[in-house]
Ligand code: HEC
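Below you will find one chain, with nothing else, as structure tokens; this is the form predicted on its own, and questions on how it binds or moves follow later.
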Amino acid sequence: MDSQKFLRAAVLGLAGMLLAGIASAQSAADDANKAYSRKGADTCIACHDDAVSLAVFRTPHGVPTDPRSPFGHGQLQCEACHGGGDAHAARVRRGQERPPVIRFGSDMPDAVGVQNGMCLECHDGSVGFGWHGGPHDNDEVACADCHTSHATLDPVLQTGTQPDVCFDCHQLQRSETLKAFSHPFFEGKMACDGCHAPHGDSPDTTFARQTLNDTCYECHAEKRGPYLWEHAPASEDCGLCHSPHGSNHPGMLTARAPLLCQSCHSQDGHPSIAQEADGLAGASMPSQYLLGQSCLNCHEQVHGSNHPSGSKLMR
């Protein structure tokens, strides 16, 4: 009998310990989740039922069948991005300010680091090395300054609308694209990410490739070479002769020939005279080959030549 009492006491004691452990774990879970509302998105939609808020359900963020989505099964829904909203949704006394949730954009009171931290909880693997320590990160640009997560089609991800998003900050580049010769931004044929990768692997330049030339060669492969006779500036840096965002000179050149050519090449041993801003200088008769297309009348292979007799880039 004594052994039975001892066994019963042991079983009851073990059961009590298990129940206490479960209660403790439940209490800890409750403490961890008490900041979140019980009804999730239903709590939010009770007030935020406008078209902008509800548009999230037409985006990848609002797909309930996708486990990666904030609205996927078992996820925190709106509060996955905006933080716990239990206190925000609760009743507040008259005259008392409602506790805020995280709001997005550089003009919002929440620190950019807090906002971007919420985004990076899911997107850290896809944002790329180039974001961390890059110009946008260093200038404390919020993800929401570029991305519109509630829009059915995020403007910064669409070729036709992306330049307008970028030009909100990059005003100098916008003015250059409005010059006579530029890439086809406003025809909907090209976006900024054709050349730049703000989430890429080159934090200093945010080029789509490691260098400017490699980026240009993505479209202008015929200029890549290698050439038997190279034009040094062309193989070194396309930006030495071209203004990539736009120019008032044909070919988006930084200056018209022969002024551009004569910025490196002197007239020594050449049948021409220097051209000044007001035209041809002096009273002597210059070579007729200086006119028209200027240097390009003869030296037409300005990027390089593979012709055996092309040392002067004429063939």
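Counting begins at 1, following the sequence as shown. All of these numbers come straight from a predicted model, not from anything done at the bench.
Same protein, other form: the form predicted in complex with the named molecule, not shown, and the subject of what follows.
Contact annotation: S263 falls within 4.5 Å of the named molecule in the predicted bound form, judged by heavy atom distances. In the predicted bound form, the named molecule sits within 4.5 Å of a heavy atom of R98. A residue is said to contact a partner when one of its heavy atoms sits within 4.5 Å of a partner heavy atom; T159 fails this definition for the named molecule in the predicted bound form, lying far away. At the 4.5 Å threshold, heavy atoms of S311 reach the named molecule in the predicted bound form. When you look in the predicted bound form, the only residue of L228, C219, L178, A111 with a non-hydrogen atom within 4.5 Å of the named molecule is C219.
With contact defined as any non-hydrogen atom lying within 4.5 angstroms of the named molecule in the predicted bound form, the contacting residues in 140 to 165 are V141, A142, C143, A144, D145, C146, H147, T148, S149, H150, D154, V156, L157, Q162, P163, V165, given in sequence order.
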